[in-house]
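Starting off, we have a lone chain in the form predicted on its own, written out as structure tokens.
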Amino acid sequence: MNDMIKKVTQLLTDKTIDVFIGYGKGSADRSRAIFVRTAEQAENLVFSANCTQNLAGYLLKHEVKHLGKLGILANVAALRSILQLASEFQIKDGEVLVLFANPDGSFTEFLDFHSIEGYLLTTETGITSGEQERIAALEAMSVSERWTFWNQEFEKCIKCYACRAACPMCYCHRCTTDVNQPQWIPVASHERGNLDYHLMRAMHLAGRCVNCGECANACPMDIPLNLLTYQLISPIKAGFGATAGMKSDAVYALSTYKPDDKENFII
């Protein structure tokens, strides 16, 4: 921990970065994101097993992006988010300084996208065994059972959009849900509007979800939104051989045509 504070202090002092996105003490035993802009503020940085939030979601926030050169403390999910954002031309190589928290408590500085790609090839990036079990249970249901399950979950939605705010891949300046002329998604929190919103969001994340789980973590109604987007990972991989967040120059599977693409979905 002291090593990270010293490193961030040095980076800020010599003006290598203008702000560092890391973890600070939150309420109870939780951590929260903090934005360190001075060497004195670096003393507020913390890191423990509770520091699991994907901080990459802040990189494209208008009020953060315009603070200057950014540094970030990344976990595996954040590394994948950075590569996915790079592949979508949202981050340039060298634009963000990345410190990675190693499992042994040490920290690694990634100097470019290539080094991040190399690291991700050596570590576990998939969904957890518990999540796999829940997905398997969903896929074992009949279509009508799954329809009932998700409708019951979406009935709890209060349209707070915390899932959208927490997702590093939801960075549009104006979301479809905010458009009212014409109005594509009903504003009210009712069956039709909730279903429209969550299905639209899932499809926008198909082939882009880095399975960080921040959508479900942020949901105040405990809707397992991550399972909905996770279920789309395998079909994209099987159909197009693509996995989000592993290459900085990856081409989005659902916007690219290849002559050898499978066409077994065409009736």
Partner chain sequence: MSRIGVFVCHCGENISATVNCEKVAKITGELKGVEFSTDYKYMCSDPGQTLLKEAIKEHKLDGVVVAACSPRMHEPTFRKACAEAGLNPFLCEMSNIREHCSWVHPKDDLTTEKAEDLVRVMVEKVKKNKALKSIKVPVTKTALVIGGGIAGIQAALDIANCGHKVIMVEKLPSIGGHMSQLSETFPTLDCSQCILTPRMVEIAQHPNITLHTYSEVESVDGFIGNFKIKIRKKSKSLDEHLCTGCGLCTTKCPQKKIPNEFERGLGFRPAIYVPFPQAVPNKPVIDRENCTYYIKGKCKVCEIVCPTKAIRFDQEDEVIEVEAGAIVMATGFDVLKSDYFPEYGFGKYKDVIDGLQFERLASASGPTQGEIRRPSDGQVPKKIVFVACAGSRDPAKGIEYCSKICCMYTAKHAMLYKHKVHDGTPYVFYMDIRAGGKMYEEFVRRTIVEDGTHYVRGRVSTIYEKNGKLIVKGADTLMGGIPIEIEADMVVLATAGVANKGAEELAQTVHISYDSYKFFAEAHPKLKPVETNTAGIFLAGACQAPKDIPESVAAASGAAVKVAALFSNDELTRDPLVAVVNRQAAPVYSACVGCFLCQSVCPYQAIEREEIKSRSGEIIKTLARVNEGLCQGCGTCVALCRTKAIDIHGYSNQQVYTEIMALLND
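Small disclaimer: the values here were computed from a predicted structure and weren't measured. Positions refer to the first chain, counted from 1.
A second form of this protein, the form predicted together with the partner chain, is not displayed here; the remarks below concern that form.
Judged against the partner chain in the model of the complex with a 4.5 angstroms heavy atom cut-off, the residues 32, 131 and 217 are out of contact without exception. Contact with the partner chain in the model of the complex, judged by any heavy atom within 4.5 Å, is made by just one of 106, 183, 152, 123: 183. Contact annotation: the partner chain lies within 4.5 Å of heavy atoms from the stretch 169 to 177 in the model of the complex, the single such stretch among 142 to 150, 69 to 77, 169 to 177, 96 to 104. Under a 4.5 angstroms non-hydrogen atom cutoff, the partner chain in the model of the complex has residue 204 among its neighbouring residues. Under a 4.5 angstroms non-hydrogen atom cutoff, the partner chain in the model of the complex has residue 255 among its neighbouring residues. Looking at residue 90, you'd find a heavy atom of it within 4.5 angstroms of the partner chain in the model of the complex.
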